[in-house]
Every structure is written in structure tokens, then in C-alpha cells.
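The chain below stands alone and is given in C-alpha cells; this is the form predicted on its own.
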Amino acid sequence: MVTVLLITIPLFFGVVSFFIRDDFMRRGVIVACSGAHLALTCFAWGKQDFGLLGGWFVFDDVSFVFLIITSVLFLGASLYGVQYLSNESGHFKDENKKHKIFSNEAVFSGCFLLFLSTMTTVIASQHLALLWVGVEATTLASAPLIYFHRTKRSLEATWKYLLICSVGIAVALLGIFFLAVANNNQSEMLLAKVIENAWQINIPWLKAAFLLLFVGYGTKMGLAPFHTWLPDAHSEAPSVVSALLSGALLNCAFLGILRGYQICIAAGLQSYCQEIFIVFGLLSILFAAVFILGQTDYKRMLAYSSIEHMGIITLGIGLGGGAVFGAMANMLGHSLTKAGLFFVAGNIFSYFKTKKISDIQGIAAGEMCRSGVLWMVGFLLITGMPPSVIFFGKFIILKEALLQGRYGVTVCFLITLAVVFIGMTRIFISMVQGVSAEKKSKSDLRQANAFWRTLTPVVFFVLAIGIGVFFPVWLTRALEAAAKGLGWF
């Protein structure tokens, strides 16, 4: 029943939200559903006996890590989003500033909860074809959220998101077909059964299937060079949506790749897959480093930072050994920290009404000092400064690369991380230093400093620091179990 409720509660109330007329009630439904989802996730934690439809929906050791991250992020986003909707839903103007544009809040609320339901479906799916359906459903549920501002630029970003990700998902579907051929009809396309019969699998077809799955789901994950939708979508979406796209959706797409990787491990193709992970991991970090250096939009800068971290996580999985644990830790830290940074970016945008870096300065001074402090704290955490959990993850990945004698990979990794750090330092410091020359209205200030819009990133940053310092035993065991399911012995 827990599995059923985790999927159906947000699905049911997402549909209901389209028909609720009262804004206050609709926002209450969002918070209540997200809170219930987190409570059910905690109840299901560590229990393996919750299944549905003959094992089609089961939370295993790998998926539980993804589930807890998604559930925590959605609760934080719902608290932030309720105040965001209350403050700003009717105050967006088009690019020519000729008239106000009112987004349909009911559509936003309904799609928000449907997005949670579809991501839970992806995480719980043990049937590989059903997982593919779930990933495609996340695209359809999240596209209206990106178009919330109803501007030409957000429309362009939405269409780019739909088209590019749909092409990627089509490639992944071809990978599912190839995998079915490789399986020789030995069993259903249930993950456990395919792994059990992996010794009979057709290796050439499996290699081709994994490449297609990697490219297809890698497009949705934002790996370079398949990442072209990501900067536009993250930049034009509301900050609360950008936080979910970066912190949760990219992880779900990565889970699709990992399911194929688990089959390849069972079939003896671990080294074949690891080289692919390493190449595309380094390539993604390199792409992010190059584009961050010349970035003029702070939300696009955060988007390229997400591409960098997807590359780091992919690199960690590719190196194997202890680096798999480091990749899981980095994924957790990135989700918390990047969500918090996007929340702060939303506060900055509410006050300055621009995403152009050169038009913003003096955040740490005067009226926006709280956001300025959070902006710098988020910068230190996302770049892996201790005691961030991201530092812990990067350190383990770097250590594993050295232990394996991969000195070329180590050098490339360190150089690209240094370039990213330099580029982000320039942006963050230029925005924080100085004094803002323009005084904003009191309503803009109230929106930017609203209680939940300030508290939510604080909680996420504290979690990222606290985990890096203490690393609770229960969390360590969960990450270890997930890492063992991905080839860490």
C-alpha cells in the first residue's frame, strides 16, 4: 500500500487541483501532498516488502536514495512555491512590458503534483519499459511548469525542452527494444529477472542497447553534448521549478542509465560501460567549465553548474570502487545545494527583476543582505568547499582515480574543477560586492525577503553542511547499499 499511496496521492490531488478555484485551498493541497509523500517515504525507508503488480513497482537499495532526495526537495519546493505563487503569480510582464501576463495557477499546481507522481513512478519502476513511460511522463508534466511566465523566451525554452528530450527518450525506447532482443525472450523485462538471466544474454545486442539507453536518458539528464535544452529550461522556468529540474529530474533520468548499467554488470560488461561513463563525465565537466567562464545570466550559470555535477556523478560511477559511494554522496549534496541556490536566485530576481549578472551588485549590502549571505554560502557549498557533502564526494572520487593510477583522468578532473571555480567566483563576487545603485519598491523587497522563501534555502544548506560534518550512520548505510547495487564490492 505504501508504494501505491506514494504514486497515487500526488496523482489524484494533482488532477483535483485543476478544478479547485480557491487559491489558498489549492496551495494547501500542494503542501499537504508533499508532506504526506515525505512521511510515507520515511515509513517505507529500508523496507523491501512493498511491491505492486507482481514486482513492477518496488523500491530497492538504489531507488530509495533517489526517492528520499526527491521527496525532501518537493516538500521544500512546495513551501517555497506557495509563497512564490502568493507573491508573484500576477506580476510577470512580457518582454516588451506592454501588459501583464497572468499564469493559470491551477495548471501550475496540478502539474506540480503530477510531476511528483511521475518521478515517483520512475523511481519505483522495476519494469524497464514502464520506467521509460515514467520518464516520458515527467517531460509532459513539467513542460507547463517551465512555461509559467508565458513569455516568448519561456515558450521557446519549453518547446526546446519538449523536442530535444522527446528525441532522447525515443532513442532510449530503441534501447529498450534492443535490450528485449538481447534478452532472447528469456523473461519479462523486469530488472531482477533480466539480471538473473544475464548469463544467457546476447552481448553485442546488450552493448548496443546500453549505448542507446545512455544517449537517450543522458539527453534528459543533461550530459554533454546532449545538454542543449537544459540551460534554456532552467533559466526561463520559475526558480522553484528550476530547483526541481536540477535537483530531482536529472537524477531520475540518471536512474534510467543505472538500470541498464546494473544489467551490464551482471553480464560481465562493467569495464565496457565504465569507459563510457568516464568519457562523457569528463566531457560534461569540460563543457560546463567553458560556458561558465563567459556566462552573463546567473540562472544559466547555475544550469551549467548542474551539467558539471552530472558529469562528476557520471565520472564517479565510471571509476567504480569507492568512487561510486562518492558519486552518490555528490548527487545528494548537489540536489540539496543546487535547489537552495535556485531558491535564492528566485529571491534575487524578485528584487532586481533581471537575470543579467552585470546589472546586479551589492546583494550582501542593505536590504538584501540575507539573500547575499545565502548566495555566498551556496557558492561555497556547490563548489565543494569543506564541510560540504560535495567536498566529501569529490574527495572520494579523486582518491579512487589516484588509487587506480588514472593520472590523466585526475589531471583533467582537477583542471576543469579549477576553471569552474574561477568562473563561478567571478560571477558570485561581482553580484555580492558593491552597493546597489537603484532602490526597489517595498513590495519587491517583501517578496524577496518573504519568510518561507528565505527559510527553505537555509534548511537545505544546513542539511548539506550537517551531512558533510556528521554523515549519519543511517545515511551512510543507505548510500553504501546503493553503491553496492552499482558494482561497489
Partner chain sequence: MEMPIDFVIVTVLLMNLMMLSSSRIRTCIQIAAVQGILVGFMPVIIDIHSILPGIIIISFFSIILKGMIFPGLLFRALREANIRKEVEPLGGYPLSLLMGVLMFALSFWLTSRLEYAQPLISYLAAPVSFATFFTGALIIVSRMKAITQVIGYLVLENGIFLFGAVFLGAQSFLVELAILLDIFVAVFVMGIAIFHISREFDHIDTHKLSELKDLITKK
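Numbering follows the first chain given and starts at 1. Note that the structure is a prediction, hence the values are computed from the model and not measured.
In what follows, reference is made to the form predicted together with the partner chain, a form of this protein that is not presented.
K.L.:
Taking 153, 167 and 174 as the candidate spot, are all three within 4.5 angstroms of the partner chain in the model of the complex by heavy atoms?
P.N.:
Verified in the model of the complex; spot residues all in contact, yes.
K.L.:
Based on heavy atom distances of at most 4.5 Å to the partner chain in the model of the complex, which listed stretch, 139 to 147, 384 to 392, 244 to 252, 313 to 321, is the contact stretch?
P.N.:
In the other structure, the partner sits against 139 to 147.
K.L.:
Would you check, heavy atoms only and a 4.5 Å threshold, whether residue 272 touches the partner chain in the model of the complex?
P.N.:
Result no; residue 272 lies far from the partner chain in the model of the complex.
K.L.:
Since only the chain is shown here, I'm wondering whether residue 349 would be in contact with the partner chain in the model of the complex (any heavy atom pair within 4.5 Å).
P.N.:
No - in the model of the complex, heavy atoms of residue 349 and the partner chain never come within 4.5 Å of each other.
K.L.:
Given that the partner chain is not shown alongside this chain, does residue 80 nevertheless sit within 4.5 Å of it in the model of the complex, heavy atom to heavy atom?
P.N.:
The answer is no: residue 80 has no heavy atom within 4.5 Å of the partner chain.
K.L.:
Does residue 296 reach the partner chain in the model of the complex, with heavy atoms at most 4.5 Å apart?
P.N.:
Residue 296 belongs to the contact set for the partner chain.
K.L.:
Would you mind picking the one in 360, 376, 162, 258 that has a heavy atom within 4.5 Å of the partner chain in the model of the complex?
P.N.:
Contact with the partner chain in the model of the complex is made by 162 alone.
K.L.:
Considering the partner chain in the model of the complex, which of 197, 184, 86, 354 comes within 4.5 Å of it through any heavy atom?
P.N.:
Only one option qualifies, and that one is 184.
K.L.:
Can you list, in sequence order, the residues from 386 to 421 that come within 4.5 Å of the partner chain in the model of the complex, counting heavy atoms only?
P.N.:
The stretch 386 to 421, when checked against the partner chain in the model of the complex, contributes no residue at the 4.5 Å heavy-atom cut-off.
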